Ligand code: GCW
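Shown next as structure tokens: one chain only, the form predicted on its own.
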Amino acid sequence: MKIIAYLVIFVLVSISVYAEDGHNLWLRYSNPISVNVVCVKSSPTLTLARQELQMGWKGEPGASVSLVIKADKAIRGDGYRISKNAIQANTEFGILYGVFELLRRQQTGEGIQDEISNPSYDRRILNHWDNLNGSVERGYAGQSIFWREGKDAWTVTETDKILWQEYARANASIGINGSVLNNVNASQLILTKECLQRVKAIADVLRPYGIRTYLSVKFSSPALIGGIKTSDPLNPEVAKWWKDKVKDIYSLIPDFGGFLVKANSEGQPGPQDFGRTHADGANMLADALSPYGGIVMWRAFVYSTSNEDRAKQAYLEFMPLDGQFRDNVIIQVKNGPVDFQPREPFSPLFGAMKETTVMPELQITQEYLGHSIHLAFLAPLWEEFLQSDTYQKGPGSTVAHCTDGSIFPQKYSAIAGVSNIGLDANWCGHPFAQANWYAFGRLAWNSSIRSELIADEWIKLTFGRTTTNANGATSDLSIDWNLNFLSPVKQMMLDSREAIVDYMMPLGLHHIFSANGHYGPGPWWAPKGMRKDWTPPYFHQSDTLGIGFDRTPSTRGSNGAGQYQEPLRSVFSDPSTCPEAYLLWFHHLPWDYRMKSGRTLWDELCIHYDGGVQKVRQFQKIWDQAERYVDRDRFVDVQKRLRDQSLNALEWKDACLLYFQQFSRKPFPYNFERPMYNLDYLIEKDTKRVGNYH
């Protein structure tokens, strides 16, 4: 009996040892091999680089690795040159990035050549939509890692510092070098003494990892906390208040990055409240930051209550101001012209503003892609966006090239991602949501890297080598693992975004979510008194004649297509040449419009919705077959979330098609899975969820 008892204890201990909660992300070092690190210089950052090599070395035992800071014109910014046994950079941060790259190559089995890697963007920034009370707007992974409420809200603990250090290390490992610590819907309190002391504490932890801190600021702060009657940007007293505040910030945080501003958008105050322009407001802040090397990231997410097509408004607002901004102002533009939809054409502002620096804003958190319930690998979405050709300087004028400084002269280049990070043990809620944090960093460093490679790296780093199955047995990268785990799981990730587009909003449909936090379908939602461009019917325009938003130059259209450079303007305006992925974004078409497949538009919609549901069911089968390669905690967690995703995908399919069928008056195709739900039930269920949502 004693022997049996000992065996039971051994098994339980083994399982607990091998269980993983995902907290180590893609940095799961184990059993390091001895290595000799040679570096003649010393600094906190170089010490971190040395420690990383000693913790994660998988190369030749006892090898010597040289870390050399030496000027090289071929190396730009914090880029680096790596080989099997040496890393050279112009900066100590470049050394740290090179160390992480060398270790990544070793762990994934990629070849290591003598090569240079330079970042695509100078500033690669996470935007945290974290509130000072600890909540996170559009956050699906718990409370803020930076802020909390209560009597100890300003107390900095050792636990805080450890968490911030882990966060900084993860960011440095993928080349992220900036963090905006608070929500774009900013509180004026972020600029108070107590808050700035906490910001200083955070910045001190992030600094050795090469991460600058930034703050979102409320434009009306001078009037709210400065004792001034106005916040007019052309008022000398207001300008002086901002200059004094910036001076105070830099006295605490000498490497402070600058401000992010949401102004005159969705109720936020801004310069237009005083009859001034966005350029007036941004330039006033830019002048305060300029002596210290700080920047202003001024968001272009601006739209008003008007009859003008919402997708056109940012372009109409900012294009007349092109060339009027200071050189340390960057206009931060969402990837699409509406709002982080599962699929949008790129915003026409990219490339169109030729005399103003523009930066992309991507959304890592899955506000519109199933929160942290749905599996949605977003690298294909971002790759599609960054490689979209604007034609502003002829063919090859991709969004990436229009924003990274290779086409237009600019002092800075930058890219931002809205964070999906919270206090959950695994940081991101869904285990696979970690891949989007990872993918943003990799694409921010190298905008031309392929989604397939990112997925391959992430899977190997996150599940490979030390991954254990439910019985506690370890596995290694092998032919069996590659064939039966890596290959199918990677394909599942690569297909996941397209599956979501299919079961939510195929063929260019957009923004038809329930009002319940943008989760679940709500094509019917249009309460009395609600502004039209906050309701799904405004975007899908369904009627008995057809479906879709007419953005052509026709008498009925908004001519949103006209904001694009030729040949895109003509391509988008003609339904016969418009890519079908954007068809209903630019066109209102009859239900029996003939698609390239030969099917009617109605039948094509049905096939897409049904296909999306079937893809998620296939994901469930793929994951179930992966059980023996994954530790039980993460396996069960993903399995449950896929089950919930499958049910929600079915709701999307049934809700949208039953609702649209009221207008199309057409039967479902014979090879289509019949609805499982009744429309009345889904509308009632949604109404109960929404409640008094406003």
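Note that the structure is a prediction, hence the values are computed from the model and not measured. Heads up: residue numbers just count along the shown sequence, starting at 1.
Omitted here: the form predicted together with this ligand. The next part is about that form.
The contact residue chosen from 518, 569, 243, 615 relative to this ligand in the predicted bound form is 518, the criterion being a non-hydrogen atom within 4.5 angstroms.
With the partner omitted here, the residue from 262, 497, 587, 510 that has a non-hydrogen atom within 4.5 angstroms of this ligand in the predicted bound form is 262. Of the candidate stretches 85 to 93, 606 to 614, 181 to 189, 157 to 165, only 181 to 189 contains residues with a heavy atom within 4.5 Å of this ligand in the predicted bound form.
Within 4.5 Å of any heavy atom of this ligand in the predicted bound form lies no heavy atom of residue 551. In the predicted bound form, residue 138 approaches this ligand with a heavy atom inside 4.5 Å. Put simply, residue 339 is close to this ligand in the predicted bound form: some heavy atom of it is within 4.5 Å. This ligand is not shown here, but in the predicted bound form it comes within 4.5 Å of a heavy atom of residue 301.
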